[in-house]
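Take a look at this one chain, the form predicted alone, written out in structure tokens.
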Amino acid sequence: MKPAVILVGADKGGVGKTTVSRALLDYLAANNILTRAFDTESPRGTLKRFHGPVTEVVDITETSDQMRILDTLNSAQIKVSVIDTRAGALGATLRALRDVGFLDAVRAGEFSFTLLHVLGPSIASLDEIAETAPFIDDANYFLVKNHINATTFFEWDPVTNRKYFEKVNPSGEIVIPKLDEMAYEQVEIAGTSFSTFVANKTAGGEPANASFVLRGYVRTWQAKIADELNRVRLLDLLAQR
């Protein structure tokens, strides 16, 4: 298996990209894929709070931190790296990956590169699609429709929908369903991964006392996301099958 980088990002804030990263890490762990994660919300990361053991906080604009991620891709025993970009940093991160030659190395077959572009329900968010296009020729590029709010992503308006979604030819679209608000809030309070909450454990591995109902909502939500990631054959892409 060649080293694989999964970049989860958006330039528009408030689209739930870290929630997508958290769900992705749970999915990979459930499929026995050892993964390391980099939280670029330096100096105080959000992803780190929920997936502390596998996550490092980095500043993606700093050369030394770029080296921590990319110079270790071949030497690290863990071959899958998830990068959770902070709000407003997707474009800058893609430009950095281009400038250091990472995208050229992907083109040469040295690395696998997957971009999960998390979209929100606004024109400003959809404008990012065209801005991202120059960087994705050799990537597995997925548009992620994150239903953090009740939205149709302008599917009711075919002209607007085509204007944005036909600008690129993505590998596919991934739909993240809405999670019950109270369930989401309780996971936030617990400060654990979604899977740990479902297992009724604390962050330290001790038995918890979470609601059976809320754990059920999270479990069902995770299953729907797993179905989406299985549908787009994410594991096969990582394994280069």
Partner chain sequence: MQPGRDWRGPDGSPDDAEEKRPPKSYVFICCAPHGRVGVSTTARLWSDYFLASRRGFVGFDADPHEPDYAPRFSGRVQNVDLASTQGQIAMIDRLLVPDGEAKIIDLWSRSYDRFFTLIQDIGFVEEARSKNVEPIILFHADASQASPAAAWSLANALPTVETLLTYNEGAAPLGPDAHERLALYPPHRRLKIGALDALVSRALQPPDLSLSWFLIEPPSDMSLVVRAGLKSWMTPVFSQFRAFEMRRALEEATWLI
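Positions refer to the first chain, counted from 1. Given the structure is predicted, the values throughout are model-derived calculations rather than measurements.
Just so you know, the form predicted in complex with its partner chain exists too; it's not on screen, but the next bit is about it.
Only one of 229-237, 216-224, 21-29, 6-14 lies within 4.5 Å of its partner chain in the predicted complex by heavy atoms, and it is 216-224.
In the predicted complex, Thr202 stays away from its partner chain, with no heavy atom inside 4.5 Å. Although the partner is absent here, Glu62 is not a contact residue: none of its heavy atoms lies within 4.5 angstroms of its partner chain in the predicted complex. Using a 4.5 Å cutoff between non-hydrogen atoms, Met182 counts as a contact of its partner chain in the predicted complex.
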